[in-house]
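Coming up is one lone chain in C-alpha cells, specifically the form predicted alone.
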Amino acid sequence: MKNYLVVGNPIEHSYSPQLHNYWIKKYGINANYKKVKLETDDLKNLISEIKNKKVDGINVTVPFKREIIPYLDKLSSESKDTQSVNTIFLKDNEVFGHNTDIEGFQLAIKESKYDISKKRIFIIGAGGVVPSIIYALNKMNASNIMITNRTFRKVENLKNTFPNLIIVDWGKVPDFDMVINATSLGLSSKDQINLDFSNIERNKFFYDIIYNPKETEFLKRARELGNRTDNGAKMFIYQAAAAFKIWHGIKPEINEDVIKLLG
C-alpha cells in the first residue's frame, strides 16, 4: 500500500484526507492518505521518508511551504518563482517539489466567472499561499496588486520577489475591485480582520482562501454590505486534483459529491 501525507501546523482543519481518500477509493488505488502535525525540526526526517520510499507523496500546508525547500533535490519552475512548495514526490530517485496552488487558484477564479484582467486586487496577508496567488494574478493580467500585512518585513520580502507589488500600510483600505483574505484569520469563528470595508462601493468581489468554515466573518460582513463573496473550497479542490494527477496519473472528476466532502 502506498502512503501519502499532508503536513502542517496547525493541521486539524484540513479536509485533504477526506478528498484524497475519496478519490483513492473511487479509482481503486491501493493507497492511504492522512494528515500529520509537524514541527520545523521534523522536516528533514520527513524528506528521508520519501527517499526511503516509506512515503510516496506529501502535500505541504502552512507554515512549511517555504521551509521545506532546502531539503528538496529539485523544484519546478513554479516553485522556484514563488519559493513555495505544496506537493512533493520522488522522481528518478530525487525528491521533487511542485506548486499546484497556482493552478488551483486560477481554475477556481475561472469557474467563478470573474475576469481578473485589468482589475485592482488587494491582498490581506503575506503567508505561505500568497506568492502563488500573486504569481497567478500576474499571469491573469491584474492591473494592480496591492498587499497589506501586520508584519511589514514579510511584505517587503514578497516585493523583492514580485517588484510590481504595491505595499499598503496595515489598517488602510485602498480602492480595489477584488480583495483576498490570505491570512488564517477566520479559521476560528471569533477571528476578526479588523479592517473597515463599510465605506467602499458595493458589488466588489471578496474572496477568502479559507474553506472551513464555509463563511468566515470576513465573507459574512462583505455579503451583508452587498458584495459578491466566495471561499477557497474550489481552489483547495483544484490544487488537490492537480497533486492527485501527479501522484497517480489520473485526473480526478470534480462533481457535487466532491464538493459535499468539504461540509
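Numbering starts at 1 and follows the sequence shown. This structure is a prediction, so every number in the text was calculated from the model and none was measured.
Although not depicted, the form predicted in complex with a small molecule is the subject of the following passage.
A.B. asks: Taking the partner as it appears in the model of the complex, which of 226-234, 29-37, 212-220, 61-69 has residues with heavy atoms within 4.5 Å of the small molecule?
C.D. replies: That would be 61-69.
A.B. asks: Quick one: from 83, 76, 184, 138, grab the residue that has a heavy atom within 4.5 Å of the small molecule in the model of the complex.
C.D. replies: Flagged contact: 184.
A.B. asks: Can you work out which of 150, 172, 110, 118 has a heavy atom no more than 4.5 Å from the small molecule in the model of the complex?
C.D. replies: Comparing distances to the small molecule in the model of the complex, the residue within 4.5 Å is 150.
A.B. asks: Is residue 154 a contact residue for the small molecule in the model of the complex, using a 4.5 Å heavy atom cut-off?
C.D. replies: Residue-level check for residue 154: yes, a contact with the small molecule.
A.B. asks: Mark residue 128 yes when one of its heavy atoms lies within 4.5 Å of a heavy atom of the small molecule in the model of the complex, and no otherwise.
C.D. replies: Yes, contact at 4.5 Å.
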